[in-house]
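Read the single chain below, which is given as structure tokens and is the form predicted on its own.
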Amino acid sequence: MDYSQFLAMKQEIGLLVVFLVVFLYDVFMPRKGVAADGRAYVKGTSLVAVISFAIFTAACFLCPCIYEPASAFGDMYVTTAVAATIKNILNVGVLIVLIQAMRWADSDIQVVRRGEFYQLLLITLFGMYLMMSGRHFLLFIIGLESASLPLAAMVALDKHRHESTEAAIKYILTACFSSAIFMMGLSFVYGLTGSLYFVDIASALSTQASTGLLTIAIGFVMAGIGFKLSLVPFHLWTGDVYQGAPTSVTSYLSVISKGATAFAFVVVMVQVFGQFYTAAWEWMLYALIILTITVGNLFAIRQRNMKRFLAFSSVSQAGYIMLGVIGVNEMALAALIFYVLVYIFSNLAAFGVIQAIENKTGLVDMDSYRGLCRTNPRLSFCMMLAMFSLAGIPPFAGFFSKFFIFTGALNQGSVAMYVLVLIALINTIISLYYYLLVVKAMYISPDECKVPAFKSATSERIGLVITVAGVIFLGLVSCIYDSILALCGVA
């Protein structure tokens, strides 16, 4: 075996270096602090994790060799400029999550387990890298499981809350069940083609007509990935897991995990089953998108817990993300990348406010936000911008992300696509209603606010500044989409 092949995995190697730095620091540095339960812990772990990952993120953006196409292990692993860009975008989201999580990770309850939190998070990100670069289903599954199983441990990190344990059990059962369905579909595909390479499967299927077994196989594969994306009807775990998990883990699940899975979905569906789009899986995706956007919106209206509210909001957002998958063209792929980039800043801004208030008061219900502008005007302003962006109100970034995702989908030109986009537009009006419910509670409600005036932690303020700046900047400079489109055209 030629070990020089590992050099093609530049971003993965860099991420492992960050993991080792955090791991070795947390394990071998002398214990300098004592937690509330009397156990000793290492000081500075959170700062080391944030700084080392920030250096890694900056290096990935600035180093030209990262964007060079490369392959390894008999083309099981392939990276391109587009894949590298997608990983860099996810890195930005992870860095924001790490910054926002510092206050929670350094709390008396979590401080002795914060090393495990950072290590598990980095391992899941490594698995997502493999998912997006895998061109063989064996490597794809390794990445999928590496990204899924540690998340169950992250969901259960808050050992003093029974909701966290319940959420972890539901998540791990769902993850196992979805993986079983996914691999059942792969077994059918292997039986039809005799290979697990994406290229070989596509080549073998090109000589075959669409059969019932192939349709079932594609349906199982879509169902398995649909669980990870929280597509309806595979979304039933989302509300309970998002509510029960620590808020830092919930924000990571809702943004980074969803974005990585969406990009992996594009690769699988286009490169493996693309030629059977109209014959086998076009109608499946149309049904999934309509159900996901509509059901996510209707359930979000009923929620009073802010984490469950954003859980069903993320279900609806997954439906919009899927519009970039079915476009099957360069415009749709560029729109998908831009949408995930905007979604990272918008959703993490909302979770940043929720986390700041929860860390201070423990309140997470929407009724507690009534009159928030009178006690915490800055947090109210950040939440308002996040809601406006998620709803797609101009001139914020969310408006342009929805505009580009609709344009990319319509570029396909079919009548069915026009109907689908029309339904999505109608659902945008519904989403506008429930996002504005939060704004109404903060700014219009005459009730006395249950959240007292307080000063957020420095890390929480930094995270909110970054996310709000991203929402405003991407709205004012939405022409960055042109650069992404040019990149997709080259790739």
Partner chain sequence: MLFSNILIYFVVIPLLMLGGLALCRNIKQIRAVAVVGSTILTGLSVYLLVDYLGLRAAGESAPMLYCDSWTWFRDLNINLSVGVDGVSIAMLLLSSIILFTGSFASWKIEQPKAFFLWLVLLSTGVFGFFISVDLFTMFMFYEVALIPMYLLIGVWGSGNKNYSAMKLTLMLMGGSAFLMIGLIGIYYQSNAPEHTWDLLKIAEYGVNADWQNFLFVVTFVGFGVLGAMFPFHTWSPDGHASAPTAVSMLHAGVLMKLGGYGCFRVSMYLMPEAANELAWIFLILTGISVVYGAFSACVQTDLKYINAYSSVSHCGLVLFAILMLNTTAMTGAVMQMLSHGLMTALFFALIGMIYGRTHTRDIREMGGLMRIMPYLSVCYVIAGMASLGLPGLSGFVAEMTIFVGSFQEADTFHRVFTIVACCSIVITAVYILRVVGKLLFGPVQDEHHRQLTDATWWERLSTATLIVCVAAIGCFPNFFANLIKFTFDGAIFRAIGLN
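If you're wondering where the values come from, they're calculated on a predicted model, not measured in any experiment. Residue numbers count along the first chain shown, from 1.
There is another form of the same protein, the form predicted in complex with its partner chain; it is not shown, and what comes next is about it.
Peer 1: Name the residue from Met183, Val364, Leu410, Ile290 that puts a heavy atom within 4.5 Å of its partner chain in the model of the complex.
Peer 2: By the 4.5 Å criterion, the partner-contacting residue is Leu410.
Peer 1: Pick from Tyr197, Phe403, Tyr286, Tyr190: which has a non-hydrogen atom within 4.5 Å of its partner chain in the model of the complex?
Peer 2: Partner contact (heavy atom, 4.5 Å) among the options: Phe403.
Peer 1: Does its partner chain come within 4.5 Å of any heavy atom of Ser478 in the model of the complex?
Peer 2: Judged by the heavy-atom cut-off of 4.5 Å, Ser478 is in contact with its partner chain in the model of the complex.
Peer 1: When the contact criterion is heavy atoms within 4.5 Å, does Ala486 count as touching its partner chain in the model of the complex?
Peer 2: Contact check for Ala486: yes, within 4.5 Å of its partner chain in the model of the complex.
Peer 1: Contact between Val27 and its partner chain in the model of the complex at 4.5 Å, heavy atoms?
Peer 2: Close contact is absent here: in the model of the complex, Val27 is far from its partner chain, nothing within 4.5 Å, heavy atoms only.
Peer 1: Any chance Phe399 has a heavy atom within 4.5 Å of its partner chain in the model of the complex?
Peer 2: Yes, Phe399 sits close enough to its partner chain in the model of the complex that at least one of its heavy atoms falls within 4.5 Å.
Peer 1: Which of these stretches, 421-429, 60-68, 43-51, 451-459, has heavy atoms within 4.5 Å of its partner chain in the model of the complex?
Peer 2: Contact criterion met by 421-429 only.
Peer 1: Heavy atom within 4.5 Å of its partner chain in the model of the complex: which residues of 331-352 meet that condition, in order?
Peer 2: Read in sequence order, the lone residue that approaches its partner chain (within 4.5 Å, in the model of the complex) is Met331.
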